[in-house]
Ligand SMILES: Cc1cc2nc3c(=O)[nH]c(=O)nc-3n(C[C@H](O)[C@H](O)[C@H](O)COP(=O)(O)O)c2cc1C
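Just the one chain here, laid out as structure tokens, in the form predicted on its own.
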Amino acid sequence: MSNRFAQLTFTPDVQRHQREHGSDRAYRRMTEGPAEADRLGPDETLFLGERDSFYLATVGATGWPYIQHRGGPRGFLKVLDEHTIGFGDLRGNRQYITRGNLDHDDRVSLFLMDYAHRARLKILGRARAVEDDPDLIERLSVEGYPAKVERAIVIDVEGLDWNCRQHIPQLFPADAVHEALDSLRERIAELERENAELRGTRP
């Protein structure tokens, strides 16, 4: 966990519970660093570039948090520089809850999972919708992907945290499972042919 992430999330109430449950010593120093936004390093850049989905949380005018799943082809979430990420906002059910919430409060939280490797990255930032910059929208579009990009969403990263892998189930995407099964089937067929030849019979 970075100092900045701790500064943003360890509120007085959180710190009180840390003291009551005996974890305050482990986290105390994490709030003492400079209040500077975190930088996206090589590990974060690689991880973000491999994602094909993530969860985005915003807060509406009623104070209720709202979490929305965002998906697309692998790499649709792009690192623009060491402090900024962005993605093309694809047309969906046209409820515009996330879009409206950003007019009220630009603070967002991203939750990114890699179930196959049991890894997760959390990001806090400030987001803005960009609808009048065709060059940026084109940069954040994915060539060949048929969904319509309505706008660009640009997020200035404030803090990030690599969570521990404890309790993350190991899951694999269907295409990876099918690819592995196809390879196994081909190998089994090859062994059956070899076995039939050794026995002097046809497969």
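Note that residue numbering begins at 1 and tracks the sequence as displayed. Fair warning: this is a prediction, and the values are worked out from it, not measured in the lab.
Just so you know, the form predicted together with this ligand exists too; it's not on screen, but the next bit is about it.
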Is Q68 close to this ligand in the model of the complex, meaning a heavy atom pair under 4.5 Å apart or at it?
yes
Is the gap between S109 and this ligand in the model of the complex 4.5 Å or less for some heavy atom pair?
no
Wondering, does Y115 line up within 4.5 Å of this ligand in the model of the complex on heavy atoms?
no
4.5 Å heavy atom contact, I97 and this ligand in the model of the complex:
yes
Considering this ligand in the model of the complex, find the one stretch among 85-93, 116-124, 129-137, 72-80 with heavy atoms no farther than 4.5 Å from it.
85-93
